[in-house]
Ligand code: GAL
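Quick heads-up: it's one chain on its own, the form predicted on its own, in structure tokens.
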Amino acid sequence: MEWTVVLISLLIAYLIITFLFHIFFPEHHLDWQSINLDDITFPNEFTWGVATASHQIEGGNSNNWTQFEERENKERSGLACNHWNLWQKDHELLTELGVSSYRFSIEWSRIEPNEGEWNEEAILVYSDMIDSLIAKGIEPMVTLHHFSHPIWFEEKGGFYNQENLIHFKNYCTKIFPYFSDRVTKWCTVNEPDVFSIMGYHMGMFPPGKRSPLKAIRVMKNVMIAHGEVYHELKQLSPNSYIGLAKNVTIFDPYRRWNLLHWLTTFALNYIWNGAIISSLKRGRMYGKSVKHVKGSADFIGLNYYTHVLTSPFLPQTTEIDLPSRKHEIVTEFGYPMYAEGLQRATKWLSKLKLPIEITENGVSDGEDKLRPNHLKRHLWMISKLIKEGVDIRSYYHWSLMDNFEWAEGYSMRFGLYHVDYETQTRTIRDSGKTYQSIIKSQKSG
């Protein structure tokens, strides 16, 4: 009888806990068929942009990624979009779209191909790019590290060894004065979470390690590097607007009645999202002090794509389609389209009391059947959030054009422009025309 009482009590407690989780951590889904996606309004000062990354578009690089591609027999990035030689033509695409800002990254391996060896010619090319953008009335947003770095830095252990952070700081302080008279907006690093977890736990990015403890160590070191660089650059140019791009992936329990799924969700949300927010807000990360990281941002960049339904048996590769709700549309990448998640993502980041820049948002869609609707759903959500008082300053669509999609190679196409990799011809997609029309209507409105 006593055991029966205990079991019944445990069952009741279990039901109460899962019920409370269900109530206090809801997973909102909208009836999109009943929503007028054209009913959007944005402030006059809202920034409309697109984003790219150096290794994904430039071509001809020699860095930790090209080394990884060869060692692991991955698809080679090779010529990519040949942007290094075609950037002037690609800047015309920006004008055609009507964007007011362009987020791109500088390739550290071009700037410092060997330790202490600075390539002034490469610096001048980036300088010419910046001048070209400004002449077209397009504000540059420069990212200093977007997943790729020199081979010599990788061979020293990269961000895994804290003593190597001085090399990243030297590169940043070297390049910054060349452009800070013309560039105000800077991202120090792109997605420290993705960089660390994909490279040091899931093994799909260089260096291809599979250790959660190593991933946590690297993520902490990347954030320390960000904090140190932030303070150095602010001393050089106090009026610069400096932050980082944070990927927010929302983790939800696959079975909302399953307590193990909830516990997995809480753990992943902290590891992926909460730890970095804590480092910026409190100067603590995974229980350790990272005091120079506290307050080291003038804005927080939000890279938002989806939510992930989790369980203790979450796949350790992106080659397996992730689970989704029955009513959800699944993208080519295997995850669901979930624009509703922007509400929770921005709520988390709003804890930092910083302006939010949507530094990436897009979808892989080679046939361009989903992207126009994907774009309009997310812009509708952003418009709604701004009306509700969320301080969102910009939207940078990922991406300007198809490019090398890291571990997935050329199989995923995110571009508003289709790229024929054999001829290097760029062709605007219907989604590009949709974005072009939205920008024009909001600017004229």
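Small disclaimer: the values here were computed from a predicted structure and weren't measured. Residues carry their position along the shown sequence, with the first being 1.
Note that the form predicted together with the ligand isn't included here; everything after this is about it.
- The closest non-hydrogen atom of R371 lies beyond 4.5 Å of the ligand in the model of the complex.
- By the criterion of a heavy atom within 4.5 Å, Y305 is counted among the residues contacting the ligand in the model of the complex.
- Residue contact with the ligand in the model of the complex: Q56 places a heavy atom within 4.5 Å of it.
- Put simply, F68 is far from the ligand in the model of the complex: not one heavy atom of it is within 4.5 Å.
- Exactly one listed residue, out of F168, F147, Y200, F104, brings a non-hydrogen atom to within 4.5 Å of the ligand in the model of the complex: F147.
- Though the ligand is absent from this view, in the model of the complex it lies within 4.5 Å of a heavy atom of just one residue from E191, E357, E112, D365, which is E191.
- Only one of 386-394, 400-408, 415-423, 42-50 lies within 4.5 Å of the ligand in the model of the complex by heavy atoms, and it is 400-408.
- Residue N247 is the sole member of 233-250 found to place a heavy atom within 4.5 Å of the ligand in the model of the complex.
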